[in-house]
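Just one chain is shown here, as structure tokens, and it is the form predicted alone.
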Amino acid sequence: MGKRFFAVFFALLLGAPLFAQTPLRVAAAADLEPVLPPILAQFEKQTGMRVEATYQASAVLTTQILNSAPFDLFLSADLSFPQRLIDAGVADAEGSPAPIPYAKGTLVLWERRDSPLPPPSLALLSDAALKRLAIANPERAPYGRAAVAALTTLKLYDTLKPRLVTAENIAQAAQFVDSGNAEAGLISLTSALTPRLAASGRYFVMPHDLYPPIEQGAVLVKVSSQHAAARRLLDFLLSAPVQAQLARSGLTPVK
């Protein structure tokens, strides 16, 4: 009897699976990093499916999918990036010509509690003592575009542009201000509500009329061999209990 026989025998004896299940691979916008892990854990428990998520700026994930990265589902922080994938013929939205909305984001101004600056508000953005303001890269991250739009609407962008500390994505922007590399940051409410940032800082919700809505959309990746599983996960995200969970985590439900 060869080694393979004994490996199979002991796997059966111990109740171990002979072949690992191929995980469902999710490309997720960086603002979902504080929110998605417990939701995916619930999905795995209910379905027995394994899920792996990669968190990056939406533009970075879009480029990876265009270059044939093996993702099954893309959860963007806006609608424009998944729309590019639909237009390029590499993704679909179950017969819809547009991405499937699953949430809306909120932009906040955050600073550390021990900051010598005044509490976060619109007035803080005009304060000459504010020397470094963190934002996500507006070319890669929808929250970065929202930050630039808000500053432009307030007629503060030209003044603050030399003071901007630009991060690769919204999670890194939150890290910059939390670590003291910036004195304040325009970040996602999902980041501001994490236990770490909630304990160490305070935030001000930027008025929604200062920037275009941050509508977050999903698409299924066409090369995926797990369309049914990806659609099942998307339906799970759109279910009432999970939408309520998203709301508690800083995202506005679509239902």
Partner chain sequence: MDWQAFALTLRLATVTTAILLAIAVPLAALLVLGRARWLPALEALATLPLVLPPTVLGFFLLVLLGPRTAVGRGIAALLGHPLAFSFDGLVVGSVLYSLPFAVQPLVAGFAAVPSSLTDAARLLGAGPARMVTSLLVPLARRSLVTAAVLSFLHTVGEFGVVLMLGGDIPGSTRTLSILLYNQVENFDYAAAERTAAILLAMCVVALVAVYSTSQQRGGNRG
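Predicted model, so just to flag it, every value in this text is computed and none were measured. Numbering follows the first chain given and starts at 1.
Form predicted together with its partner chain: not shown, discussed below.
Task: Non-hydrogen atom within 4.5 angstroms of its partner chain in the predicted bound form for each of Asp114, Asn137 and Gln175 - done: Yes: Asp114, Asn137 and Gln175 each sit within 4.5 Å of its partner chain in the predicted bound form.
TODO: Counting only non-hydrogen atoms, choose the one of 91-99, 176-184, 71-79, 142-150 that falls within 4.5 Å of its partner chain in the predicted bound form.
DONE: Of the options given, it is 176-184.
Open item on the list: Looking at Leu40, Ala28, Val35, Val60 here, can you tell me which has any non-hydrogen atom within 4.5 angstroms of its partner chain in the predicted bound form?
Closed with: Checked against the cut-off, the match is Val60.
Task: Touches its partner chain in the predicted bound form: Leu66 (any heavy atom, 4.5 Å) - done: Leu66 belongs to the contact set for its partner chain.
Open item on the list: Taking any heavy atom pair closer than or equal to 4.5 Å as contact, tell me whether Leu164 reaches its partner chain in the predicted bound form.
Closed with: Contact with its partner chain, yes.
Open item on the list: Residue-level contact is defined here as any heavy atom of the residue lying within 4.5 Å of its partner chain in the predicted bound form; does Lys104 satisfy this criterion?
Closed with: Taking the distances in the predicted bound form, the answer for Lys104 is no, it never comes within 4.5 Å of its partner chain.
TODO: Although its partner chain is absent from this view, report whether Glu168 comes within 4.5 Å of it in the predicted bound form, heavy atoms only.
DONE: Although its partner chain is absent here, Glu168 would touch it in the predicted bound form, with heavy atoms inside 4.5 Å.
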